[in-house]
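Okay, so here's just one chain, in structure tokens, the form predicted alone.
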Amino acid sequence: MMNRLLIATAFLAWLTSAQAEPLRVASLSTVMADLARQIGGERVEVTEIVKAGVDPHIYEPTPGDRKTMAKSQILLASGLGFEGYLDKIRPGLEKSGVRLVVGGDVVKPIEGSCDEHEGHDHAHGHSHGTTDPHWWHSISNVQAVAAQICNAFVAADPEGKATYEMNNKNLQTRLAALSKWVRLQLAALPKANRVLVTSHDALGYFAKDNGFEIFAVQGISTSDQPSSQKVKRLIGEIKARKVKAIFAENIENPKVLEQITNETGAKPGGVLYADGLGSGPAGTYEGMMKSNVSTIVEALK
């Protein structure tokens, strides 16, 4: 009798364990990976394919990465052209039954600053049809993508609906509080000081939300190299506007950044996280945004 009871208990334990197998999620975005962990909790297992510190503009998936994607149930991607290889891997994902969740599908895209057009002021104009893929620098966009991820998890794992929706509700509350915190911090900066000189054009959504102008050394991608004419114009703009600080990035900085700093007299403003999350306190979306805002306020106030 005792043996039968032990066997039955063991079987029930195995059955419960089998049913509780986490949802397999892979992510090409550090931001979306963080959102997935917060929404999914213990019901999901998130694998970051593109990790913090990797330049996503030049990343290409390895054969091992492709296998990881194929084994996942859900693959998260930023979209809007951020992953230039996305269309190439779509057929393989569909064949493997992987659901692709693209954050850019649910946000309001903006155009990035134009790069190099003769006779055109790059600092104030916009590109001709070049979409800015760095949507996560607008908190309202992140709220929309969090809801998108929640819905994808519910569709893949209906039994976890209550968990996913509660976690998303809590996350939405924190994001709303973060938005209020950002506005309060930036209130210390007068309009004339709201000029961001950055390594590449990645903070357009932040600028749009908070009334900043962007002067970027490189274009939308870190692979865009500035011409000597563009650098000359940028130096002139910085001097004319008496810009206080120039910001580097955690992943990559063009060599001309030091030249621009030296020739304009602007001080190094610190490091910003432009293409995704960092490590330590900046390893979460909330932490990254707080780090960026604190760095900007300290340098420009």
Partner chain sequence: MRGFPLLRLFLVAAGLALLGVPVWLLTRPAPSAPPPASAPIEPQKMAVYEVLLTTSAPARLAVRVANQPSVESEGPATSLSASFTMNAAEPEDLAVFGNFDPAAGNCALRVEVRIAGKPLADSTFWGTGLVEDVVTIPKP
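Remember, predicted model here, so these are calculated numbers, not experimental data. Numbering follows the first chain given and starts at 1.
FYI, the form predicted together with the partner chain isn't displayed, but the following is about it.
- Residue contact with the partner chain in the predicted bound form: residue 57 places no heavy atom within 4.5 Å of it.
- Contact annotation for residue 151: none of its heavy atoms lies within 4.5 Å of the partner chain in the predicted bound form.
- Looking at residue 188, you'd find a heavy atom of it within 4.5 angstroms of the partner chain in the predicted bound form.
- When the partner chain is considered in the predicted bound form, residue 169 lies well away from it, no heavy atom lying within 4.5 Å.
- Shown here without its partner, the chain carries 162, 174 and 208, none of which come within 4.5 Å of the partner chain in the predicted bound form through any heavy atom.
- Distance criterion of 4.5 Å from any heavy atom to the partner chain in the predicted bound form singles out 194 from the list 194, 71, 108, 90.
- Here is the short version: of 65, 45, 237, 263, the single residue with a heavy atom within 4.5 Å of the partner chain in the predicted bound form is 237.
- Considering the partner chain in the predicted bound form, the lone stretch of 263 to 271, 239 to 247, 32 to 40, 47 to 55 in range is 239 to 247 [heavy atom distance within 4.5 Å].
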